[in-house]
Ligand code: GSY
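Below you'll find only one chain, the form predicted alone, shown as C-alpha cells.
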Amino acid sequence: MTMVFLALGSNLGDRKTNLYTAIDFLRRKITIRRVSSIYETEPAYVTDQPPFLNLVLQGETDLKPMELLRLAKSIEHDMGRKKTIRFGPRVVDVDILLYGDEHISAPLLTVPHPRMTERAFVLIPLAEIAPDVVIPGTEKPVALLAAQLPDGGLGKILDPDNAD
C-alpha cells in the first residue's frame, strides 16, 4: 500500500455534498486515513467565479500512479465536471498531491503536484492533517511551508469552521 495525499475542491452546485460524494467514490479504491477540515477559499488564477470549498485527504492505496489519476478523472467526469477554461469553475476537482515519496514526471501526471507549495488552499489543510510530511524536493515539512506563505497565499482561506 502506498500513502497518498489528494486535494479536493468544488465551487459549483452543493459544494460540500460534492466533496463528500467524491470521498465516497475514492473509498472504493483508497483506504482513507485522515480528512482535513473544509476550507472556503477565494478562487485562484481565474478570479471571476464562485468561491471554492477545499479539503485534503490522506489515504493508502494499491493503485499505481496512473491508475489513481484515472480514478480521479473518472470521479470528476461521473460527477459532471465539464471541460472549460483552465482553473475555471468545476463541480469537483481531485488532484494527486503526493504519491508516497515518488517523483513522477509524465505527460499527464506530475507528482509532487507542481503548484502545491504556492497554494494556501492546499498547504493549510495538508498541514492540518500531516504537518510533518516533507514534500519531496523541498526538504521542509508542510507546516513550515504553510507558515511561509505570503499573506493570504493563493486561495485565501475565508472560513474554515463554517463552510457550507
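All values reported here derive from a predicted model rather than from experimental measurement. Position 1 is the first residue in the sequence shown; the rest follow in order.
Below, we refer to the form predicted together with the ligand, which is not included among the displayed structures.
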- Within 4.5 Å of the ligand in the predicted complex by heavy atoms, the stretch out of 59 to 67, 116 to 124, 101 to 109, 129 to 137 is 116 to 124
- 4.5 Å heavy atom contact, A44 to the ligand in the predicted complex: yes
- Query: Is any part of 90 to 122 within 4.5 angstroms of the ligand in the predicted complex by a non-hydrogen atom, and which residues would that be?
  - Reply: R90, D93, D95, R119, F121
